[in-house]
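The form predicted alone is given below as one chain in structure tokens.
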Amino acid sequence: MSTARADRIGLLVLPGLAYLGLIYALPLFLLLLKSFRDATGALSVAEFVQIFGDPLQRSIIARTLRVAFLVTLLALVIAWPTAIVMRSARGGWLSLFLVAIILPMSLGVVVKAFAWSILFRSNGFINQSLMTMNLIDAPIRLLFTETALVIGAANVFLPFMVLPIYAVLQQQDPNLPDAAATLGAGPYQRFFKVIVPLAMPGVVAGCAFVFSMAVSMYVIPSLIIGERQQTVAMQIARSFLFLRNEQLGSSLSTILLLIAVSVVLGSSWLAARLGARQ
């Protein structure tokens, strides 16, 4: 392909780049710039110093990271066996699994989060089932707890963990475990020495997807835990909408952005390392 033709093809990218620059990059840059300015308009990091010096803000950031980590871990625990079963499924069973994974993605996050809030109520299905099985004598408090948030968020984000792992497993040669067995590898060795290392790029991608979404989620915590246990995203909305403190909201947005970017860059580096080893 000649250089002139390549340049003409490259011009096709310009409309998309212009759209992203005006609609996404420019507002984001202005938001970041505002977070590094004080009340007089001078460049300053005083707001960040104040945030990390405030025990309440530190606890909110720590809670956000903890919840995102637990959501990612729970989604991974559920997604891994699901992806393995999907890899071995054929025909109608595979179609059924794919529909069960993909169809919930068509529902809005509000609908799914509100459904979980109904299940977690004192008179909800979970408490009623536990009481029917005589596992508890009285309803236990599930709604407005961190445990409920982790379970509900993991359910909402589960497809973003299952699909990358399944895609990587699907590309593997199904004869590899048998080949390892002929070389004397036992079931555990075949699983941990063959299947798991080859599936790690999918695991890394799924964890990056889920963690990035969990650390910035707003609707799900708002419906499941309310204002009792705030996350960074909830605090950002509260700063802009109720406190009218744009400086605090901008600074928290910058912190959340740095966390998300760190996760993306870290996962990209790890995926590249894993790919190089294979």
Partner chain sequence: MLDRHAPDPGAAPMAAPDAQYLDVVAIRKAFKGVTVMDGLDFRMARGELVSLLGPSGCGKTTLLRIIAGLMQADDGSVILAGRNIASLPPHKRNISVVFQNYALFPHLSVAENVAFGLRARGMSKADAVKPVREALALVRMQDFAERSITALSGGQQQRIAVARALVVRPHLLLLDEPFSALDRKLRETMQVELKSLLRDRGITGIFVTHDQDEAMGVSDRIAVMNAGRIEQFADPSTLYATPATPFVMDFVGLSTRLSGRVAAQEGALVAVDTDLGRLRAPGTLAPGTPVLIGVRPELIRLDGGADMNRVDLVLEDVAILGSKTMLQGRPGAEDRLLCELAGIRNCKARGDAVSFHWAVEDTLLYDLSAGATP
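Residue numbers count along the first chain shown, from 1. All figures in this text were calculated on a predicted structure; none of them were measured in a lab.
Missing here is the form predicted in complex with its partner chain; even so, the following discussion is about that form.
Participant: Choose from 127-135, 80-88, 107-115, 169-177 the stretch whose residues reach within 4.5 Å of its partner chain in the model of the complex, heavy atoms counted.
Facilitator: Contact-bearing stretch, as computed: 169-177.
Participant: Give a yes or no on whether every one of 249, 257 and 261 sits within 4.5 angstroms of its partner chain in the model of the complex by heavy atom.
Facilitator: Not one of the three qualifies.
Participant: Though its partner chain is not shown, can you say which of 73, 100, 94, 181 has a heavy atom within 4.5 Å of it in the model of the complex?
Facilitator: Flagged contact: 181.
Participant: With the partner left out of view, is residue 147 within 4.5 angstroms of its partner chain in the model of the complex by any non-hydrogen atom?
Facilitator: Residue 147: no contact with its partner chain in the model of the complex.
Participant: Are any of the heavy atoms in residue 189 no more than 4.5 Å from a heavy atom of its partner chain in the model of the complex?
Facilitator: The answer is yes: residue 189 has a heavy atom within 4.5 Å of its partner chain.
Participant: Is there a heavy atom of residue 121 no more than 4.5 Å from a heavy atom of its partner chain in the model of the complex?
Facilitator: Close contact is absent here: in the model of the complex, residue 121 is far from its partner chain, nothing within 4.5 Å, heavy atoms only.
Participant: According to a 4.5 angstroms non-hydrogen atom cut-off, is residue 139 in contact with its partner chain in the model of the complex?
Facilitator: Because no heavy atom of residue 139 falls inside 4.5 Å of its partner chain in the model of the complex, the answer is no.
Participant: Though the partner is not shown here, which residues of 193-232 have a heavy atom within 4.5 Å of its partner chain in the model of the complex?
Facilitator: The stretch 193-232, when checked against its partner chain in the model of the complex, contributes 193, 194, 197, 198 at the 4.5 Å heavy-atom cut-off.
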